[in-house]
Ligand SMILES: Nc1nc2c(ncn2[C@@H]2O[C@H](COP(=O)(O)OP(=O)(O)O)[C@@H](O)[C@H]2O)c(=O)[nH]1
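Just one chain is shown here, as structure tokens, and it is the form predicted on its own.
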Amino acid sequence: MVLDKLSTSLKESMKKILKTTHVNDALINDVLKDIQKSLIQADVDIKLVFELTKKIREEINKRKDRFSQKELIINTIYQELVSILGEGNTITIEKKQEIFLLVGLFGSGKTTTCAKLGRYYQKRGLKVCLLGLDTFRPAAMRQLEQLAKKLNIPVFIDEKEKNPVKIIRKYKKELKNYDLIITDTAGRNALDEQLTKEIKNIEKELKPSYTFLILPADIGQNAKNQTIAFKDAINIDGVIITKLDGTAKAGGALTACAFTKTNIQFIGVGEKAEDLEEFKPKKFVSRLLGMGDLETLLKKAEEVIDEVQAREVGERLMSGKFNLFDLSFQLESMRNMGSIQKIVSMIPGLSMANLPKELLGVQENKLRTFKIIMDSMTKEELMNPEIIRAERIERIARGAGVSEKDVRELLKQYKQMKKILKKMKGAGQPKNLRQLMKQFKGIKGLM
């Protein structure tokens, strides 16, 4: 999960507030000290940390009569954390053609982010292409080409040419055919005169709609100086933070924008092409504090689930019919949405539970095993699981490279789910969350 350690610490602070029977100054002081410690350990600038907690204290004192004490403290912490992360403006594609220019130092993740942005807008119906202008790093253009090929996105490169401006001019005619051009550029170990001049020449020739600075989450507090340096040298419209899925503290990169008044536009939250999210401070802080983010979860579901197939599966479920083909479709959809840990972090309440990583890991492994087992079955077995007996179990296990026990566990899971779905059909539509949870109480193992 993004900022796992910081999120765990902040959730503990929220629990401390929720569990107390009496809110007093001692509790507030204790919680604010915990928050200070958590943020400093996450590499947030110390001055900013103390300013933040001072504002939280002031706001609590101002609004004491308007809320219950617990609600007031949690709401104030939430609002002030959101305020230091900026607005997170939405990028709008309005013109006939938009051009994104990505800049940053070595190792920031520019090339990978080009591909992720391409995938992000490709899924939103735009005709996208990638343009490789990194003539400095060996194999940079080849890397961009390989990433683009996997995603079926056109890419324009010239590995022999060392002048980025000449590459732009070479492909000017072809580039006119695309709604969005996403441009990769060279980096250096530091923003020097040579790199600044190169970027300015590219800007003059390309005339980008947006120029994004790419900051890796593991940059630490140096993010502030780097952001200031780039903003002073060239025009920066926003920041994209990469590698937020790792163990990096990331507080420095996230809060660098507070000092420079530069909005974070996207965050990279995993290695897959789909692991790029538009940055929304309110949703981000909500997940950090364990309040979930159902809107993003539902959007992810819409992106990975085939609408027609989902409707067909849904109709079979509502009619009380259910087979392993349907279960396979559901498991594949879940896997495409990301890790179970990531999905759990977006579910209000459940994300506050601090489920053990070991347990989440087991569930993910189980999903993968179940999918492999079903891939080893015939179509007849998937559509009619009741025909699977001892001999078939032995053959399926051998074909999938798993134990017969694993196959039996999958069949048991299927029978449990089918039983619950029959009960749900008889009980009708659940009237509230509690009733829904009660209906699903018998499903064990997957969730």
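Source: prediction; values computed, not measured. Residues carry their position along the shown sequence, with the first being 1.
We do not show the form predicted in complex with the ligand, though everything after this point is about it.
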Within 4.5 Å of the ligand in the predicted bound form, heavy atom basis, the matching stretch of 117-125, 199-207, 226-234, 263-271 is 263-271
Picking from S108, T255, S286, T211, the single residue whose non-hydrogen atoms come within 4.5 angstroms of the ligand in the predicted bound form is S108
As a check of understanding, the residue in T135, T112, S376, Q221 with any heavy atom within 4.5 Å of the ligand in the predicted bound form should be identified as T112
| task | Considering only heavy atoms, tell me if E278 and the ligand come within 4.5 Å of each other in the predicted bound form. | result | no
Q: Check whether D245 has any heavy atom within 4.5 Å of a heavy atom of the ligand in the predicted bound form, and answer yes or no.
A: yes
Does the 4.5 Å heavy atom contact test between T76 and the ligand in the predicted bound form come out positive? no
TODO: Indicate whether T369 is a 4.5 Å heavy atom neighbour of the ligand in the predicted bound form.
DONE: no
